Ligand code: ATP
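In structure tokens, the next block holds one chain alone, the form predicted on its own.
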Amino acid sequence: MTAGPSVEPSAEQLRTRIPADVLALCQRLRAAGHRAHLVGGGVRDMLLGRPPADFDVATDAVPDAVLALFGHTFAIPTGLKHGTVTVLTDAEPRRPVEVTTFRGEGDYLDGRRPSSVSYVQSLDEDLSRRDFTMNAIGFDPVDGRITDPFDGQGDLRRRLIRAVGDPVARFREDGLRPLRAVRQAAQLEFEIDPPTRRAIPQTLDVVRKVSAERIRDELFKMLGARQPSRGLRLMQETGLLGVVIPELLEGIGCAQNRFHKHDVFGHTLAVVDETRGDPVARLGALLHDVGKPRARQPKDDAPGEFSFFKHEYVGADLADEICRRLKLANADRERVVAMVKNHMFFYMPDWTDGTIRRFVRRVGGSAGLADLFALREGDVRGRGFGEDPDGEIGELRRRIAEVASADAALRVTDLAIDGRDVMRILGVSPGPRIGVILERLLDCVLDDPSLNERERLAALVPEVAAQFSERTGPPPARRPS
């Protein structure tokens, strides 16, 4: 990932990087007698030669004027109290662009938002309220003029994240800004200016006021970086990690054994960097060994070494708590917990095809396997000894591919019969034992996929039900209708 630009683009070169629909929006504002400057991350990314994720426009036009100019069909009052109108451009699909009136801000009383907003006439005043110098650059695409009152371009060349003005004041205004600093340091592979970095531990009380959802979103963006460990290490050093996921700090200095070069925390950071996947998979990697410090026991036969018996189950419980605290969606939480719970698998050559199918079913099918294999590859590389992950999972991958070609049932819903068939064959009413019988039928099919035919499974139902009844007693007969 590139950080700073090798050759800083000229204003004219910058103009050529602006999509025609965004330029047309700015031209329309100018034609109506208003100013229009691109600001924020879009300008920063263009200066870095990166494709902007979005575009924001700062203008002296008040929201009512913007609504009148673009019409209520294409101008949406998404943030009137902050002076923001979202304008849909004339591109297909229509691009949303936030158009915000030049503004100043009152005191931040809750560490999240200003107590008041007032409109100002100067772009410089507007830029002075922004978080970092690299995000406080304006560009007028019509006149081709760059406005950079805080030397943000210089900091881009220096690959430096520096707060606008007093960093303590900036961070006390919005407790998310310290997290944004370390996240952008990871994404851009920049350093944080020393005074800005020193301000982070001084403002942790404000960070604690930030909603779990905003913290989660920043964490996910960080986990999408090429090397998330850059941001995670900064979080640990500045105290942010103790606010967000304090359980990970237990791994610092937690020695392992001869198979690992690093302590638990160092190993964890290495595994996150080496795990390929989306931010949810990377979160699974971040938490995969979170249970180790609490499960660690000294080995009697190996002084100085430790075992971590069932740490994956301790870790799964902790991961569930952490994911709930961060307000993850249920599907994402379940995915992370499954990665932590199932990551300690060990393939043996004597596994039968049925064992392979049960393993695939237990870990959640193909999606769960993709996460687990990505984690195991990262885990092996993260040990620090240059091992090849294929040595541990290559043969298992090949076996799974062979077994999958047989198109076997892996779930109850894949069976050729269902609960209604079981009730009809046995003449019983609905109840939990129907599910148990279906699970046992699936167990038979996992060993012999050829059994998954309607007639063959129907013939097995009385036998399976009889085995069930031997342990639990006979099911009650169906009441006469």
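Just count from 1 along the sequence shown to find any residue number. Values in this document were obtained by computation on a predicted structure and should not be read as measured data.
Just so you know, the form predicted in complex with adenosine-5'-triphosphate exists too; it's not on screen, but the next bit is about it.
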* in the predicted complex, which of the listed residues (Arg335, Arg129, Arg197, Arg357) lies with a heavy atom within 4.5 Å of adenosine-5'-triphosphate? -> Arg129
* **adenosine-5'-triphosphate: the contacting residue among Asp174, Asp148, Glu312, Glu274 in the predicted complex [heavy atom, 4.5 Å]** => Asp174
* Asked: Looking at 411-419, 439-447, 60-68, 36-44, which one sits within 4.5 Å of adenosine-5'-triphosphate in the predicted complex if you count heavy atoms only?
  -> 36-44
* Look up in the predicted complex whether Glu453 has a non-hydrogen atom within 4.5 angstroms of adenosine-5'-triphosphate, and give yes or no. => no
* Asked: in the predicted complex, does Thr84 have a heavy atom within 4.5 Å of adenosine-5'-triphosphate?
  -> no
* To do: Please run the contact check for Thr238 against adenosine-5'-triphosphate in the predicted complex: heavy atoms, 4.5 angstroms, yes or no?
  => no
* is_contact(Arg183, adenosine-5'-triphosphate) in the predicted complex, heavy atom dist at most 4.5 Å -> yes
* **Contact set, 203-221 vs adenosine-5'-triphosphate in the predicted complex - heavy atom within 4.5 angstroms** => Arg214, Lys221
